[in-house]
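Single chain ahead, written as structure tokens, the form predicted on its own.
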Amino acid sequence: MNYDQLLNISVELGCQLMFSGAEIYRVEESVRRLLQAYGLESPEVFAIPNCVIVSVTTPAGHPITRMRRIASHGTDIQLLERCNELCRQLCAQTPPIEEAQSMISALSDRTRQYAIWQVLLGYGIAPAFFAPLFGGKAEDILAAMLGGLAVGFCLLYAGRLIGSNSFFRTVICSAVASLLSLLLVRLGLGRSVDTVTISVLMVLVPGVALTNAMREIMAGDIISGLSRAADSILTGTAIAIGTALGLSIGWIF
């Protein structure tokens, strides 16, 4: 058996799980079970949000280690479900390495791609549903939808101007959200600046990341949990700075 190739596909599966937003324990357990299914005993797997390290010892006593760094990523539940299903299938059937590699490589090819208008529509609908929860009226719902569309546009295209720096991208989007909310209320398209602003900002709140951080800390994955918690705190700080900046500009002019 080609153990180098087996190690490569196990690391690739771990990376795909991480890209989908999976919890750290899920990543480590899936990779460990896959290697054990192919006959390797006691594989060592270590994962944090931006790195996966896998080390095994072949039956001949030769140690092999692979490490992969992972770029910033979000959450893709559909990809997560496919990764889980494929991991169970590989563990149950243990097909040849070449076939398993092609199956793992096809995971990203099967990811559903949404049109830009569909993504923007989602950013517009989400704040519109939050607005009534915060006591908003019909005018506030309309203003929140327009603000959500503007934030979605910024998230999709601001990266081309400022790169992959999520902190400054969040600052810009929050500033746009608060400033536009203020302007829409002044134009009579909304009734409450606070309601419209907080409804739009909800699309930027890192709820999933913070939940996963608390779950991992309680599960004993302290490093990854603190890393996700720090990222969530920075995102919250960026939202606060951007909101204050946008409202300050709006009230000045």
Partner chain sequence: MNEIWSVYILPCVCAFLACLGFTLVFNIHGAGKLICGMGGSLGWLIYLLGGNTIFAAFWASAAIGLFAEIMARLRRCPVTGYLLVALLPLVPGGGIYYAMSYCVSGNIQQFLTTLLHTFGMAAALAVGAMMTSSLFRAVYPHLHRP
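Keep in mind it's a predicted model, so treat the numbers as computed, not measured. Numbering follows the first chain given and starts at 1.
Below, we turn to the form predicted in complex with its partner chain, even though it does not appear here.
May I ask you to state whether T197 is within 4.5 Å of its partner chain in the predicted complex, using heavy atom distances?
So T197 counts as contacting its partner chain.
task: Please run the contact check for Q78 against its partner chain in the predicted complex: heavy atoms, 4.5 angstroms, yes or no?
output: Q78: yes, in contact with its partner chain in the predicted complex.
Contact of G207 with its partner chain in the predicted complex (heavy atom, 4.5 Å): Contact with its partner chain, yes.
A106: touches its partner chain in the predicted complex, heavy atom cutoff 4.5 angstroms:
Taking the distances in the predicted complex, the answer for A106 is no, it never comes within 4.5 Å of its partner chain.
Notebook entry, point to check: Of 165-173, 142-150, 115-123, 95-103, which is the one stretch near its partner chain in the predicted complex, taking non-hydrogen atoms within 4.5 angstroms as near?
Noted result: That would be 115-123.
Can you work out which of L35, V185, I48, L201 has a heavy atom no more than 4.5 Å from its partner chain in the predicted complex?
Looking at L35, V185, I48, L201 one by one, just L201 meets the 4.5 Å heavy-atom criterion.
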